[in-house]
Structure formats: structure tokens, C-alpha cells
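Let's start with one chain on its own, the form predicted on its own, as C-alpha cells.
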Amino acid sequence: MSNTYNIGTSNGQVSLSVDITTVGLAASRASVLIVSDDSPGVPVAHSVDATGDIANQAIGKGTFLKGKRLTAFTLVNLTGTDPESRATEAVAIRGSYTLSGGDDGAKTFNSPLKSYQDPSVYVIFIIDLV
């Protein structure tokens, strides 16, 4: 089942916040795109420090976002000194993504996809905006 956030009839600003839990160095970027289009999408938010967190930030009006897909991508570089400790760190990484401003109000998603390729972890989250 896909993640969905109901923009509904809201015409106000929709906001996104991202909380990445890691001991590694992380960077996040969020974009919106039209699923049926092969264009790269429009960047709407990014982290500003090595935590990967995105502070609550407006990503666009409901009329702009409705029918599009939000993708949030985080790259984490693990800092452990050996492969075993980095593998343990990779399993412990968590991501929490909260959208607000649409008809769904504040809604948090907590199940990103993760891919580990020592020493990096790729954390990906996709939300359809309906």
C-alpha cells in the first residue's frame, strides 16, 4: 500500500518536516514530481546541517501539490570504524516524515525504504499527494 496524504480542497501552504535518527552524517532533499511525467521534479526542501533533518518548511500550496508525488531522499554516511559497527548503525537509522496543511491535518509517516551499501545508507520516502 502506498503512502498518501490528502490535500483535499485545501488551498493553503502544505508543510513538511523530516526527522532522521542516525549517528552518521546525513543530508536530505525533498522534491515533488508528476508521476506520469519523466521530468526530474521540483526541489521543495532540504536539510541544512549534517543531521539530515528538515525543519518544518512550506513546500507549496495545495493547488500546486495535489496529484503529485513527494519524494524525500536522505544519504547517510556512517562513521563507525569497522564494517560490523557500521552495519549495526545502518539497522538503527530511522526516519519520520510529517506533512501538515492539507485536509489530513498533521500526518506522520515512519516507514521509509532503506538500502545499505557500506559505508552509506540511502533512506527514501514516497508520498502521493491526493
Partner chain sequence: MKKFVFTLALAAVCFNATAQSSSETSSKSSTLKSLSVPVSPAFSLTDITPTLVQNPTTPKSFALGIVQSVANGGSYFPDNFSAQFAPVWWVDPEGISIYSYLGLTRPESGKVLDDTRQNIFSGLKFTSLSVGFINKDLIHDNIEKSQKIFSIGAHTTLLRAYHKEHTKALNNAINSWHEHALEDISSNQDLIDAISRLNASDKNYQDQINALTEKMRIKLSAPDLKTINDLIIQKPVFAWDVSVATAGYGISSDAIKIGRSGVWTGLSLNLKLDKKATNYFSINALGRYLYDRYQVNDENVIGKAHNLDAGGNLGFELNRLNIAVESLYRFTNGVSDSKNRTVGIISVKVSDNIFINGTFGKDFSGPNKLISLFGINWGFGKEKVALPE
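Remember, predicted model here, so these are calculated numbers, not experimental data. Residue numbers count along the first chain shown, from 1.
Not pictured, yet referred to below: the form predicted in complex with the partner chain.
In the predicted complex, the partner chain sits beyond 4.5 Å of every heavy atom of Phe109.
Although the partner is absent from this view, Thr88 contacts the partner chain in the predicted complex, with a non-hydrogen atom inside 4.5 angstroms. The closest heavy atom approach of Gly80 to the partner chain in the predicted complex falls within 4.5 Å. Interface residue remark: Asp37 is counted as part of the site for the partner chain in the predicted complex, having a heavy atom within 4.5 Å. Residues of 106-128 lying near the partner chain in the predicted complex, listed in sequence order, are Leu113, Lys114, Ser115, Gln117, Pro119, Tyr122, Ile124, Ile126, the criterion being any heavy atom within 4.5 Å.
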